[in-house]
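The chain below stands alone and is given in structure tokens; this is the form predicted alone.
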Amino acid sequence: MITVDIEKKLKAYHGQQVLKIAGQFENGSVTKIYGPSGAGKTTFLKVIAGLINPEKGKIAVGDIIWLDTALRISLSPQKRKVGFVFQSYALFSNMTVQQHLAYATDDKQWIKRLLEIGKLETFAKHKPEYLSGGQQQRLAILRAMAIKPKLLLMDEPFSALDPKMKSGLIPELKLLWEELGTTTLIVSHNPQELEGLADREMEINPSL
């Protein structure tokens, strides 16, 4: 169980807004997160990952406290060991597809399986600049999965994929998450694409 209760100030065109989120996420659940542009969806994921800190709040995973602003506790992103798929992909230009995955794990069979799922076997020696946008996005997803995360945070992870690739990849990912018991939070501007994948949803709307 992941328990979140946070407040984070947001900069908005029409003044200051506050992102307030309180909720629980069951182990192994898949949650789709949606809301208007600028509502703080990406910020919420980054707070959970430990990439930014809220002004106030707590995050607990089971009995382990990741964040407690009152007690000045904040585990580093490295200690949280979260899989994160960034909207910008955040790939390393000097690394091949294979090296991206090998950087996260030395399990060669796991890497082979991920490459097959992402349909990137024949691109293993290619660097990001030689990949299409869709291939880069798939690599970002595979890299996040390489560590076999118990918590996976995805920011618009399927936006660059064509319908055929998306329809093939999503069921494969769902099987992986079920196998690993991964709790997954997915930010999407198109919640319909997650039909049949997510078992719950969360709408984010900041308050003034």
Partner chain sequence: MDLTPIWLTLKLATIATMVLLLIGLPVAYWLSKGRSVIKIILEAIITMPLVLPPSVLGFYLLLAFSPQHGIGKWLHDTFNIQFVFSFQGLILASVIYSMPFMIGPIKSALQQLPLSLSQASYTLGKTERQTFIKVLLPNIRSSVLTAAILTFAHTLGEFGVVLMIGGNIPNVTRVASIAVYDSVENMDYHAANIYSLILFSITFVMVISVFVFNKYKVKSPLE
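Not measured: the values here are computed from a predicted model. Residue numbers count along the first chain shown, from 1.
Not on display, but discussed next: the form predicted in complex with its partner chain.
The stretch in contact with its partner chain in the predicted bound form, judged by heavy atoms within 4.5 Å, is 135-143, chosen from 165-173, 65-73, 179-187, 135-143.
For the chain shown alone, residue 95 is a contact residue for its partner chain in the predicted bound form, at least one non-hydrogen atom being within 4.5 angstroms. A residue is said to contact a partner when one of its heavy atoms sits within 4.5 Å of a partner heavy atom; residue 150 fails this definition for its partner chain in the predicted bound form, lying far away. Though the partner is left out of this view, residue 110 does not reach within 4.5 Å of its partner chain in the predicted bound form, counting heavy atoms only.
Though the partner is left out of this view, residue 51 does reach within 4.5 Å of its partner chain in the predicted bound form, counting heavy atoms only.
Using a 4.5 Å heavy atom cutoff, 81, 89 and 103 all lie near its partner chain in the predicted bound form.
In the predicted bound form, 104, 128, 129 are the residues of 104-133 with at least one heavy atom within 4.5 Å of its partner chain, listed from first to last.
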